[in-house]
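In the structure tokens that follow, the same protein chain appears in two forms, which are kept apart as structure 1 and structure 2.
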Structure 1
């Protein structure tokens, strides 16, 4: 395992690997690793844990620039000191690299502040498989990082090409990112969390669309009772208690900021309650299943998961299926998952101001020999059925790449791009379609 401490060392590692014909795979997050993107038996691991500087936090322009090894657990308190917060994934692990999470396009909790699927990623510095360093967007240009006077936050370019998209979701096959600029948001001065229960997911996805058209909620997430219990229960007894909620529940938080925060929250409260009453639902501000549950959930929605063991691994192992759905298709795809896997956990998150839903299907099981392979096969068969119904898999891991990269012309075009940025194929070889 190699431990670079700066960009020049990353360049040297890649150039040496080219000469030796040796594969490399990047690693920037602490265990556990769920998707296998940072595991490659045909490559040597480049661990970015020593590149862990928070380079800059700018409250006025609302961004943070961080090296690849900076984790959520380290970054969130530093942002809070400046009155800022990240648009976080749901229960992001404390040891998860903030840059890697954005590069993987993990679903974020605040859709109204997400303007494109790579958000909150703005600009990056990367080293391609040629050993050349390159910066995207307004960070591009000659000279050192310190000498550049650009703000380094405009994601598009340089020129008419959006280089950031070559790297987003590429699992380290195009270049190794050394630092990233992440969009941040102002920390709320007041907030109110709503619990909205329903018998089916369709009612809640429709409600989410209604609220997001008016840009009402900040955090907004829909879960079935299985994942609600697993995520917010700290042990088996609490999980069993939390399974007493309705089959589906939406967690919706409205916030006020520096100017008239309480008044703003009260106005949004009215919008939420009116929208719920129109579809026969109630917006509750309390959940009496466990003492202090409301405070626990709000704290967990606004922070990373600092528990010693991930909630997904409480039984020992897990497999998950991640997909993107148009709002018109979401309820149909969720119904298909429920019919095929009635005991699965399901999380639904509106994204990009409600223009799509990210759906996550979780299977948790005991870590016994052969179990992982069995459930991986089950989810792969389900993925084929979902694809036929309109699901889009923009984050393919493992066997799912067989389903996604199956169109010859597209695969040929991507392979030709790969030869430009990584001519010797040393970056995470075999991980996608090359």
Structure 2
């Protein structure tokens, strides 16, 4: 394993590997690693744990610039000190690299702040497979990093190419990112969390569609009772208690910011309640299943998961399937998952202003020989059925690549990209369609 400490060392590692014809795979987060993007038996691992500087936090222009090894656990308190917060994934692991999470297009909790799929990723510095360093968007220049007077936050370009999109979702196959600029938002001064229970997912996805087109909630997430219990319960007994919740539940938070925060919360409270009552639902501000559950959930929605063991691994092992769906397709796809795997945990997160849903199907099981392969196969079969119904696997890990890289013209177009930025194919070889 190689441990670079700066960009020059990353360049040297890549140039040496290129000369030797050796594969490299980047690793930025602490274990556990769920999707396998950072595991590659045909490559040496480049671990970014020593590149862990928070380079800048800017309250006025609302962003943070961090090296690849900076984790959520380290970054969140530093932002909070300056009255800022990240648009976080749901229960992001404390040891997860904030840059890697954004690069992987992990679903975020506040869709109204997400204008585009790479959001909250703004700009990055990367080293391509050629060994060349490159900075995206307005971080490109003019001039060196030190000379440029820009805040280096504009995502697009430079020029008429959107280089950031070549790196986003690429699993390190195009370039290794050394630092990233992440959009930050104002830390709310007041908030109210709602529990909205329903018998089926469709009612809640429709409600989310209504609320988000009006930009009403901050955090918004829909879960079935299986994942609600597993995520918020701290042990087996609590999980059992929390399974007493309705089959589906939406957690949604309205917030007030610097000025007259309570007034904003009251106004937006009214919007949530009105939208709920129109479809026969109740927006509750309490959930009596466990004492102090409301505070616990609000705290967990606004921080990373600092528990020692990931909630997904409580039984020992897990397999998950991630897909994107247009709002008009979401309920059909969720129903298919429910019918095929009635015991699966399901999380549905509205994204990009509510114009899409990230659907996550989670299977948790004991870590016994053969079990992982068995459930992997189960999810792959499910994925095929979901793909037939219009599911989009935009983050294809493992065998999912078999489902998504079938159209020769677009695969050829993607390979042309790879050839430009990694002509010798040394970056995470064998992943995606490369």
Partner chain sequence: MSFSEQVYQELAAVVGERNISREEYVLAGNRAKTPEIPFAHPSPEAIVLPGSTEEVAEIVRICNRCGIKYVAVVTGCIPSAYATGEDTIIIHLKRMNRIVEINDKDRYALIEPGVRHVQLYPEVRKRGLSYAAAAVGPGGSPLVTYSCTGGDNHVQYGTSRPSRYLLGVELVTPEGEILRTGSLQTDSGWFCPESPGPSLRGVVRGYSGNSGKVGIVTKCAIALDMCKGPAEIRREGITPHHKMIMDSDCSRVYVFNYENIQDVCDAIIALGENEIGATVQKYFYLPLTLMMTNSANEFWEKWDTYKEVMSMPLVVHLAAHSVREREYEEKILFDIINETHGTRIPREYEQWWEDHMDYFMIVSRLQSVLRLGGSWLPIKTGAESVQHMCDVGESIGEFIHDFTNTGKIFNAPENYQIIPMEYGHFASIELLFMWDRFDPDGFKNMAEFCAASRESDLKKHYHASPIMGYGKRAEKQGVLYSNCHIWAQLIYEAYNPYIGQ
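Rigid core: the largest C-alpha set superposing within 1.5 Å between the two forms. None of the values given here were measured: they were computed from a predicted structure. Only residues modelled in both forms are compared. Residue numbers count along the first chain shown, from 1.
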Answer check: the form predicted in complex with its partner chain matches structure 2
Segments displaced between structure 1 and structure 2 (3 or more residues, each Cα shift of 2 Å or more, core-superposed) | 141 to 144
